[in-house]
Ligand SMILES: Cc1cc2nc3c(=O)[nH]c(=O)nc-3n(C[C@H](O)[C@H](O)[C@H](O)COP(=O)(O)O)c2cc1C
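Given next, in structure tokens, is a single chain: the form predicted alone.
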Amino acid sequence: MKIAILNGSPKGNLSVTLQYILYIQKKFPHHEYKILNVAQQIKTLEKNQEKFEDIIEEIKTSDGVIWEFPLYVMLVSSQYKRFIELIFERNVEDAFKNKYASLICTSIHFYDHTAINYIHAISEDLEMKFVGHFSADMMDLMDEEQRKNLISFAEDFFSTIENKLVVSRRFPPLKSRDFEYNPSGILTNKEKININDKKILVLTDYTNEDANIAKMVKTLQKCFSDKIEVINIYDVDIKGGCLGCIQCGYDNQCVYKDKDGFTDFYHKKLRTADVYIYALTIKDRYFSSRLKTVWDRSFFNGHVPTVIGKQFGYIVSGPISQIPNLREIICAMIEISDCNLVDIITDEYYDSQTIDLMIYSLAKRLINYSNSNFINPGTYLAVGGKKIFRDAIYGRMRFVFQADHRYYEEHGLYDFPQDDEQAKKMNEMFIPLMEKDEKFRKAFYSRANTEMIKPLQSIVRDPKK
């Protein structure tokens, strides 16, 4: 059978993930494999319709499709995202319909599930029969057990196609309805919000002044007593997406540094605000590939947080309430940076007056939180993600990302549990007693609940704290 491989790495044949495909090819040589470097060739595919149609023809004549990609900032690369957009923009969805699909991705398992969810959902939006995913650590191919797993995964995929097995659907289709937002005028008598000395930055990506998101941005601007800065990311000088070359690992210097204006834009604009508001439109099950380019290119900072203690708000046009995967990505990105997400406003309310009031409330709360320096404690999204970064930078990735390592050392981010002196002392004191003295153990557990809250009660009862 013929298998189309949609390679999502900007590095093309030098992709780590592609090696997993080549291993499958070695183990199952009786199948035909057509490797299509769609991410690497994205600029050509945008400009050359004939070459794009050649790709689509390969998919049409295939028995199965494997989405193959490395993770880029919790998703696929911006180049791969752009290819997916072209599928819908050029109305070639039928080429994918009823094709069996699977995915193979590589990463350090930092939010690989959100990338998997995205491609899984896109496959089902294209009416493909999604069989499953194989999410590998970058170097899993070196492990014999993982190679066995990969072979089993491939066997199942091929067998499912050959036997025309039925697979379940996980993601329901997105439902949208036509709604034109127009400012209601209800904010006319509302008191303008004083921004004091706060710098507010609105980042948007609309291409049509009559789009809902464009009009929502104008409503937002009118909420404040002073002018706020609005930047359309299509106006930023960006020559291309992140190449995954990791040349920034040593000193955070991007290979594009003197070739476009992104690094300058990042340092002068993206790092300097107190309040950030993203005003965006849903494209498929994410935002635009242009925004993904901005987020991917920001990786020249490595795994170092560069925007800390800031307030974030989102104004979204499109069915974000039906895409919990995207909401999780938004929350995780903000929490991992030790910032605060105030709210996500959407035009899904289908009532302009309600939307106006929500935009005003968002603006008011952003300033209030910024004035009080409030940052919500991180959930598992941040705590778990930071630990993955911490361990990777301390260990196997240190020699590549030396700038990260220097930052982590200087800022105490290597917070390993074995270095917790208080925990060490408690364990040294209590573990022997718990193991050897049954009477002590029973007494300990009988008083555990009351003793646990004593230090907290001391804070509650202290009028000075």
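Sequential numbering from 1, following the sequence displayed. Only a predicted model underlies this, so the values are computations on that prediction, with no experimental measurement involved.
Note that the form predicted in complex with this ligand isn't included here; everything after this is about it.
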(message) Each of 73, 107 and 242 having a non-hydrogen atom within 4.5 Å of this ligand in the predicted bound form: is that the case here?
(response) yes
(request) Choose from 175 to 183, 155 to 163, 242 to 250, 340 to 348 the stretch whose residues reach within 4.5 Å of this ligand in the predicted bound form, heavy atoms counted. (result) 242 to 250
(request) Quick one: from 336, 291, 329, 138, grab the residue that has a heavy atom within 4.5 Å of this ligand in the predicted bound form. (result) 138
(request) Would you mind picking the one in 234, 299, 394, 374 that has a heavy atom within 4.5 Å of this ligand in the predicted bound form? (result) 299
(request) Answer for residue 22 alone: is it within 4.5 Å of this ligand in the predicted bound form, judged on heavy atom distances? (result) no
(message) When the contact criterion is heavy atoms within 4.5 Å, does residue 16 count as touching this ligand in the predicted bound form?
(response) yes
